[in-house]
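Considered here are two forms of the same protein chain, supplied as structure tokens in two stand-alone entries, structure 1 and structure 2.
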Structure 1
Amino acid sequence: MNTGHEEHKLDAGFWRATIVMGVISALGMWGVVVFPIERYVPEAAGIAVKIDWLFKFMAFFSVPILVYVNGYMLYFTVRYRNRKGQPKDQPGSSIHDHKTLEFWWTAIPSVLMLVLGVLSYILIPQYYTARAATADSVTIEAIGHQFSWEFRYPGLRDPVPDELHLPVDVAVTIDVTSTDVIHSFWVPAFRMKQDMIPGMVVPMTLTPTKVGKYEIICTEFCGVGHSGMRDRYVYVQSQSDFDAWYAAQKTKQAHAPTEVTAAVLASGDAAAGQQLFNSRCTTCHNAAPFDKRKVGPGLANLFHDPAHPKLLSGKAPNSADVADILEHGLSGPMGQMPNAQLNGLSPKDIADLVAYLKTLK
């Protein structure tokens, strides 16, 4: 039992180890300061610069904590290991109940946590909560589906699937939500990530500052097709390029059919359908025989499969009934196939997909 100040005296080896860890910490902290995060993950939004600064603040002070905590554990393990001939209850370090040490290793992390909490309290409301939006902010809806994204723009009749287009240097509020399960909307270049929760709308406000193409990632496991949600992008464009894209979308949607009619089915483009199939359908289906299933069955030879003369809907495999499944979805023993709205499919998309499926042998 320690009873006096002398019992707390640390030997020279302890101080040498402390100095070595101090040097390692200093080098690590210097590395944090000079490390160019933006060289590896672009800062494409104004808030990203502030979030990177906060990250560096945490990393800067985490380095000495990491080095000293693990360094002392290693030092004391080696320094006071049981040696041959020593009793099992040989006393180790005499710093137990050292009030000065206990004060500082409690006070320093507490102060750091308090400062970090205050900085986070100041920063987070700048991009979360409805108060972050300004009168000039453009509002866009981002909706997560199994296994795709959907973006709704003011003035566009139909949602835009899997591509988010934003004008540079314009404040945008993105209202994120989900229609089925929990997803998580993350754009690393914006440094912003938010869970998409069914029945809940959460606003995120940012100003894109750098023209470019940046990946959208779902960071919440949302089902067996979760990995299929990769390779979706945000396109930050100049105002003129964004206006041109928006006008083209508006024109395209104005001329697009609104119903799946026989005439629309007859106009299906197999090449466009293949491209659509590869981007939207391969998460759940293979272009292979029925038994080569993922979530749903393989779709090769769908219209002429003697082993499966009927669709899972129980209907004949003709263009109209295949289109009916694509349009209205299907629930069955293999699970649930989302309808056209959830899959972001227009009547023309359905016609193109049917045309492509007819080519699969």
Structure 2
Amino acid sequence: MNTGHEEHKLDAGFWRATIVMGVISALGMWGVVVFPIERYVPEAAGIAVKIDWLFKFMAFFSVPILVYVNGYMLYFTVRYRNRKGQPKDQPGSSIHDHKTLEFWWTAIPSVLMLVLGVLSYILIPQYYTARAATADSVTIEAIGHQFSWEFRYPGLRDPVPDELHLPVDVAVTIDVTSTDVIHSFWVPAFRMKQDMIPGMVVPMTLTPTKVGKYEIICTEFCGVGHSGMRDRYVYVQSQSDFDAWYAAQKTKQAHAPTEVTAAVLASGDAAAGQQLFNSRCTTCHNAAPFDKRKVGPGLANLFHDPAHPKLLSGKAPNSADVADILEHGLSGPMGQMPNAQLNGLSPKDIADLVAYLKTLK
């Protein structure tokens, strides 16, 4: 049927090209094997190492597929292009099937897929949606909010905002949920991610293996503040550091029940508050906008400026919470704010101060 076109065989050029591609593939595959993933994204959980190997397994076999598909495509295109003087409508080879070839290019990917499927399945139950079974394992609740995280620890009265502390080498189950919209809790260093879905509690289990500080990122669009749900960290600590942190949380939270009751708060006197502010607070705070900080932030717009950041507790400023800070002090990234005892403030003083702060605009 072939009208005069040269015989099509797998000629020497074909085999040469095949060998060249084999060499390129081998180099690429070697590159995949030695690639130091952990240098770019730390592997901070037992599972992370395994997932990276799974990823390398996939990349390893992807390399020859990419090289051979692109390579043969380019080689054939150059080798069989219409040349000067060759009639443009001269037909090419009439071969339109090759059963053996087709069998192998179906069978080999199928086998690879099967192996990948098995490997993947072996890894799933080890960490995902399963509970840690060991006696010393920890269970923590992670709750997503617009736009912060809240972590609840057994034995701690109050949740810890935006900071997750985990003891190293202890299996932990994190019960993941949300109070508003869907968020997704991702720690790249753990290679783990779980959507936080309101109305659902999903456990995720892992064992952190490397002490360090790793970013937590929200990966499900959750509103205007979504892009900002990063720069919060999980701290993997030695058992003793973790215990110390936990004990400090406990003491911090163990303060007496508040004495600044709503009734006291309501009786606040702004003028008295102003005097107190000028004598006790101005060492660290200006009565100026937020960014005019001394030791702590400027407090002028605390209640009225919608642009004022939320309190360090993650809440929008309100009387009760401000009173709480004045009473119990605060430790944040800027440093320590002393509590009422150290500042010598009575509940009535606090009420006056809150009343004064509310008048500032």
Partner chain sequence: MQAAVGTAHVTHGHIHPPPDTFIKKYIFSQDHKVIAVQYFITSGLFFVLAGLLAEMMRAQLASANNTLLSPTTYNEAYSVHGSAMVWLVIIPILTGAFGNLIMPLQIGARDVAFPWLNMFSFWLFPPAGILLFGSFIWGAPEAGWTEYPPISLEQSFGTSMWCMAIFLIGVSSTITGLNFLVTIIKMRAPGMTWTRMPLFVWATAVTAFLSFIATANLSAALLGLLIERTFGVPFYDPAKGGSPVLWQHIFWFYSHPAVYIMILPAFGIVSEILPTFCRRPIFGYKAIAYSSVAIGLLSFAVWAHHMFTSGLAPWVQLPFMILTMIVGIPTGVKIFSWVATLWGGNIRLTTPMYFVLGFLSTFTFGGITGIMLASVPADVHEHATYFVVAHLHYVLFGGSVFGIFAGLYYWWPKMTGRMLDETLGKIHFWLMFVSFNATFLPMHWIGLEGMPRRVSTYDPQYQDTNLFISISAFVLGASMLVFAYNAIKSTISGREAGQNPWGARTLEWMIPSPPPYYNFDDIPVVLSGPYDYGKPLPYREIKADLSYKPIV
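Throughout, rigid core stands for the largest set of C-alpha atoms superposing within 1.5 Å between the two forms. Please note that residue numbering is based on structure 1, beginning with 1 at the start of its sequence. As the structure is a prediction and not an experimental result, all values here were calculated from the model.
One of the two isolated chains is the form predicted together with its partner chain, namely structure 2. Superposition on the rigid core between the two structures places the CA atom of L299 2 Å or more away from its counterpart.
R81 is among the residues whose C-alpha shifts by 2 Å or more between the two structures once the rigid core is aligned. Taking the rigid core as fixed, one finds a CA shift for I197 smaller than 2 Å between the two structures.
Core superposition places the C-alpha of A107 2.4 Å apart between the two structures. Superposed on the rigid core, the forms differ at A272: its CA is offset by 21.7 Å between the two structures.
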